[in-house]
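What follows is one chain in structure tokens, specifically the form predicted on its own.
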Amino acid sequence: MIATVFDTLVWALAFSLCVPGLGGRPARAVAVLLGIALAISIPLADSSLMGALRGLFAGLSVASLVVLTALFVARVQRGGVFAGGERVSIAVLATVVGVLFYPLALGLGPVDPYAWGYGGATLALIAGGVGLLAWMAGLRVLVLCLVLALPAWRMQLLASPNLWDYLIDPLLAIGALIALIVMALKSARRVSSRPEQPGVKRGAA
């Protein structure tokens, strides 16, 4: 029950970020969020959109909940949630972990990192170390991802007993990769649109 409600909230947050016109309108944003959560839960032909999403992506992580909530709040408040450069840091970390983790977890290598998440101390210590570095760097959202994921795993609040499933999921990894591509394109567009410096000609040696 908890896992179903959890996944419904995460997907509702993800879909609500695609809805325009929520900036500066908290009441409307909350109404849209609740409406989406209800819509994806409506039974359709012995299932629901939520059931199809869970079948496709399995369970979602605590990190996804934290990141999407931060994005939702930042959009409604028009900023003030992420520290400077934190969006890029989270996107890079999630992309790198996803690219390295999922192929190996699917058996495309000599090591199965997914096995590290079953109760051993190694992965928990690594996550704690990353959380400490994030705290020292002032990356508040990333710290919150780890601060909430570790105790949630210890209490087994979600369907999976594996720590990896509390730290990352395919939605987060794919979303992070897309975000990096979009940020890179925007950065390239800003550079190309800058006016030329006085006295400097294009093509000058």
Partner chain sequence: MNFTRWLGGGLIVLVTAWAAWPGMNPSLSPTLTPGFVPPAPSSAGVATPRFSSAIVNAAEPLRVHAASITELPDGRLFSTWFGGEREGGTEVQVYAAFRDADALAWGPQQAIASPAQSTRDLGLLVRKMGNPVAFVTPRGELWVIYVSVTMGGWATSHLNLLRSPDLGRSWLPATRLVSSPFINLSTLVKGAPVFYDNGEIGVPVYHELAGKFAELLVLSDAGEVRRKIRMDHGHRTLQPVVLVQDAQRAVALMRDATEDPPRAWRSETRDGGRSWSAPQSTDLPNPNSALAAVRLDDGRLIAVANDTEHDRLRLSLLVSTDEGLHWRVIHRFEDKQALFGQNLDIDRFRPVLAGDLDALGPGPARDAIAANAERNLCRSGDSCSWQYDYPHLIRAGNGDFHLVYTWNRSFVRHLSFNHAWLDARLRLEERL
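Positions refer to the first chain, counted from 1. Small disclaimer: the values here were computed from a predicted structure and weren't measured.
Here the subject shifts to the form predicted together with its partner chain, a form of this protein not shown in this document.
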- Flag residue 120 as yes or no: does it have a non-hydrogen atom within 4.5 angstroms of any non-hydrogen atom of its partner chain in the model of the complex? yes
- Report whether the minimum heavy atom distance between residue 38 and its partner chain in the model of the complex is within 4.5 Å. no
- Task: Determine whether any heavy atom of residue 124 comes within 4.5 Å of a heavy atom of its partner chain in the model of the complex, and answer yes or no.
- Result: yes
- Classify residue 150 as contacting or not contacting its partner chain in the model of the complex by the rule of any non-hydrogen atom within 4.5 angstroms, answering yes or no. yes
- Item | Per-stretch contact check against its partner chain in the model of the complex, the hit in 45 to 53, 175 to 183, 65 to 73, 29 to 37 (non-hydrogen atom, 4.5 angstroms) | 45 to 53
- Query: Looking at its partner chain in the model of the complex, do all three of 22, 77 and 83 come within 4.5 Å of it through at least one heavy atom?
  - Reply: no
- Note on the structure: Applying a 4.5 angstroms cut-off on non-hydrogen atoms, the residues of 109 to 137 near its partner chain in the model of the complex are 109, 110, 111, 112, 114, 115, 118, 119, 120, 121, 124, 125, 128, 131, 132, 135, 136
